[in-house]
Structures are given as structure tokens and as C-alpha cells.
Ligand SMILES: Nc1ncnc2c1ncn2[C@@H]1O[C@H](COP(=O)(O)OP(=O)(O)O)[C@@H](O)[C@H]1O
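Heads up, the chain below is alone and in the form predicted alone; it's given as C-alpha cells.
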């Protein structure tokens, strides 16, 4: 089971759009897929039209007595399940802090699902918290959407520093360019310098009205506009992610 976190400590860079698109592509490929919405704003949950089961969800998410499978909701897509969030999930950090080995808690909760799902995507809030440490400890890899600007690039360096301080520097951070506006010279120049340089993925997601329209209709982009430039870029990102993780899996010890 691959656990891929889509995380950046900068907001507005396309984390949820990316998670929705990649999870949809995985499900369409016939892979058993779970998306865990870890953002209290619950944008991803809203996108898939699901809400948490019952109250006190944050406590249940980290307690030993409640299997995650009991909190999972189905979606309209075959092979795709959602672990939804709402504003009550702002207390998840506090709930984690009350547990022993809090940074390991998400990994422990996900472990029983290894026989159930092929891929798990974690849609993360734009923050640096105890939840972020737990995400890094649970993830096979972290996808980092980066807008080609100096502030967003600085954020990437801060995330690498945080991962090192949290003792999870071995978890690969996979940055890729997001919301690239090729009408802007700064974006064009940065994209040319970063893509293909070895650190960033080759796939770059363009700024696109198709993404906004997909969000308005609550339809995943690969279904709403499959021939759009953005959908094609996400398809390339998905292929590149699978190839990169296959390489990690088969790397000699």
C-alpha cells in the first residue's frame, strides 16, 4: 500500500485539486484507493459530497478502539473511498497530543488497511503541526505542489528543514510545479530552470479555468475535462509518481 501525502505549508497551491485528480486516476485504473481528508476546511470532502460519520470524529481518528474502516465513506466512483473531514477536525492536533507516540499514530491507524487499499492519499492542511509530523511518519512519499515563485520555493526549503527536524528526512519529498501561468515571464523562467533539473517532477500543472469549473461542479478534473491541458498534466504526474515509487520499492538495500 502506497501512502502519498499531498502537502505544502503554503496555502492556495493546488493541494486538494491534485489529491482529487490523482485519487480519481488511481480509481479509474482499477486500484483500490482511499483519500483521507486531513484539512479541517473539508474542501476535498465537499468535492466528493461526503461528511464524517457522527460526532467526536477527531478523537475516533486517533483512538485505538475505533478502526479507520468504520469511519470511511464511499464515493460515487468505484474503487474510491473517502475518510472525510469537517471543522471539528481542527481538534485533531490536540487529540494526537494526548496519545502516546503521537507522531506514529496515523501510521498505526493506517496499518490495518494494507490489505484493503492499494493507494492512500492524504490531503493535508497548509500548516506545520503535530499532525504534519504524523503525516511524514506515515507517508511513503510526499507530493509538494510548488507555484513557480520565490515564496513558494522558499516554502519547499522550510518543509525539508521541518522533515529533518522531525526525524523523517528519509521520506522523499517530490516537488512538482503547480498553477503555472506561462503568460508570466517569472513563471516561464522558473519552470524552465526547475523542470527536468532532477529535483522536480517533469509534469507541470498549468493554471487553468478547467480546474475552477471542475471545482464548481464538484466533479474531479479527469472526468469533468479529460482533454484539457490541466487534466493531461495530472495524468502525466500520476504516471511519473507511479514510476518514481516503483523505483523506490525496487531499490537495492
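Here the structure is a predicted model, which is why all the values come from computation and not from measurement. Residue numbers count along the first chain shown, from 1.
In what follows, reference is made to the form predicted in complex with this ligand, a form of this protein that is not presented.
The chain is drawn here without this ligand; in the predicted complex, the stretch among 208-216, 60-68, 24-32, 183-191 whose residues come within 4.5 Å of it by any heavy atom is 208-216.
Proximity of residue 95 to this ligand in the predicted complex falls outside the 4.5 Å heavy atom cutoff. Using a 4.5 Å cutoff between non-hydrogen atoms, residue 13 counts as a contact of this ligand in the predicted complex. At a distance threshold of 4.5 angstroms between non-hydrogen atoms, residue 146 is out of contact with this ligand in the predicted complex. Taking non-hydrogen atoms only, residue 136 never approaches this ligand to within 4.5 angstroms in the predicted complex. For the stretch 160-192, the set of residues having any non-hydrogen atom within 4.5 angstroms of this ligand in the predicted complex comprises only 179.
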